[in-house]
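Shown here is one chain on its own, the form predicted alone, set out as C-alpha cells.
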Amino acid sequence: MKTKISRTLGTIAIAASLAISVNAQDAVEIAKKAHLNYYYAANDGLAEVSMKIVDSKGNERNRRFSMLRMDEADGGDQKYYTYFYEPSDVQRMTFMVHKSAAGNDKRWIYVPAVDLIKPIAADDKNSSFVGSDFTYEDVSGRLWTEDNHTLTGEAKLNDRDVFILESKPIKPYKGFSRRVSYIDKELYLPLKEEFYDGKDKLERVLTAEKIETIDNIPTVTERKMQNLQKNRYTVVSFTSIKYDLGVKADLFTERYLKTPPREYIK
C-alpha cells in the first residue's frame, strides 16, 4: 500500500515538474516573440515621432524627432539613431544606441548647444529620456534574456485575448523589480505593461493606444507611458513609418551624431 502511494505521489510530482517546465518554456517563447515583434519589425525602420509630455498640473511640452533603426540579426545586435527637430532647446540633438545581445549596450547623446558628444553610462539607462516618462532603455528595449518569465494567466483586454506574463530581472536592476505584460495572443505585441518599483508598488504603466498594419507588419503607432507615482504621462505617436530601407551600419557612428544622414533625416 505504501509503495502504491509513493508511486502515486511520485507521478504527481513528475507531472507538476513537467507542468512548471512547460509553463516556463511557454513564457520565454511568448516574451521572445513579443520582443521581436515590438523592437525588431522587418530588418530596419524609419519613423517620424511626436512626443507629448504632460505633468501633474496639466502643463504640456512637445518633442518632434526622427528615429532610424537597423537590426544585425533578429534578437541580436541592433542600432538606433534619433534626431530632434523641436523644440528649440533640443533642436539638432541626436541620440544613438548600439544594442548588444551580450548585454553591454552603448549609448551616446550629442548636445549641439555645447558641441559635446556624451556617452550614457549603463547606470543612466533608466534615466528619463529627454524629460519624458520613458527611459533610455524603454526606447531601445530590454532583451527578454535579461529576465525570468512566468506565464501567470490569460485574460481579455480591450476585447483582445492576451497572455499575462510576469518578468523579474535575473540580476539586480534599477528599472523595475517586476513587470507584468499583457501580450496579444494573435499579434504577439504587448498591449499593456505594468512596472513595479523596489517596494513592489506600481510605478509606471505602458499602453498601446493604437496599432496599425504597415507593410503587412502590425505596428504600435501610439504609446502612452503613465507615471502613477508622479501623476504625469507621456504619449508618443509614430507616423511616416517605413520598413526595409536598406540602412547601412556605418550611419551609426560618431560622425553622424553631429551631421545627420540626409537621405533619411530631412
Partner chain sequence: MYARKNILVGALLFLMAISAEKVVSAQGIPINGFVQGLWGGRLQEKNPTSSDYTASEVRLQLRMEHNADIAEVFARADFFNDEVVAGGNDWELREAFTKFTLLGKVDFKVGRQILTWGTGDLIFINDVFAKDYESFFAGREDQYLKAPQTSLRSEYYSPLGELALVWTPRFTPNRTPATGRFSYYSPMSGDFAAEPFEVPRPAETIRNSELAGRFQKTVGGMAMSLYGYKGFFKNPVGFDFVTMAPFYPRLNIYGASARGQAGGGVFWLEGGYFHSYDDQCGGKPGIPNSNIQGLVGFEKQIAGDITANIQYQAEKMLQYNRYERNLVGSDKEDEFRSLVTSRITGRFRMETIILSSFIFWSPSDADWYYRFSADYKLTDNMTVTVGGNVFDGIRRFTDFGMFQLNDNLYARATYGF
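Positions refer to the first chain, counted from 1. Because the structure is a prediction, the values reported are computed rather than measured. For the two forms, the rigid core is made up of the largest set of C-alpha atoms that agree within 1.5 Å on superposition.
There is also a form predicted in complex with its partner chain; it is not shown, and the following applies to it.
* **Close approach of Glu86 to its partner chain in the model of the complex, 4.5 Å, heavy atom** => Judged by the heavy-atom cut-off of 4.5 Å, Glu86 is in contact with its partner chain in the model of the complex.
* Although its partner chain is absent from this view, report whether Lys248 comes within 4.5 Å of it in the model of the complex, heavy atoms only. => Lys248: no, not in contact with its partner chain in the model of the complex.
* Close approach of Gln91 to its partner chain in the model of the complex, 4.5 Å, heavy atom -> Contact with its partner chain, yes.
* Taking heavy atoms and a 4.5 Å cut-off, does Ser128 contact its partner chain in the model of the complex? -> Flag for Ser128 set to yes.
* Proximity to its partner chain in the model of the complex, single hit among Asp147, Asp105, Asp138, Asp71 (heavy atom within 4.5 Å) -> Looking at Asp147, Asp105, Asp138, Asp71 one by one, just Asp105 meets the 4.5 Å heavy-atom criterion.
* Asked: Since exactly one of Ser167, Thr82, Ser132, Gln78 fits, which has a heavy atom within 4.5 Å of its partner chain in the model of the complex?
  -> The residue in contact is Ser132.
* **Among 195-203, 58-66, 33-41, 213-221, the region lying within 4.5 Å of its partner chain in the model of the complex by heavy atom distance** => Within 4.5 Å of the partner lies stretch 58-66.
* Sequence-ordered residues of 239-259 touching its partner chain in the model of the complex, heavy atom within 4.5 Å -> Those in contact are Glu254, Arg255, Lys258, Thr259.
* Asked: Superposing on the rigid core, is the CA of Phe95 displaced by 2 Å or more between this form and the one not shown?
  -> Yes; that C-alpha moves by at least 2 Å between this form and the one not shown.
* Does superposing the core leave Asp115 with a CA shift of 2 Å or more between this form and the one not shown? -> Moves: yes, 2 Å or greater.
* Align on the rigid core first; then say whether the Cα of Val247 has moved by at least 2 Å between this form and the one not shown. => Val247: C-alpha displaced by less than 2 Å between this form and the one not shown.
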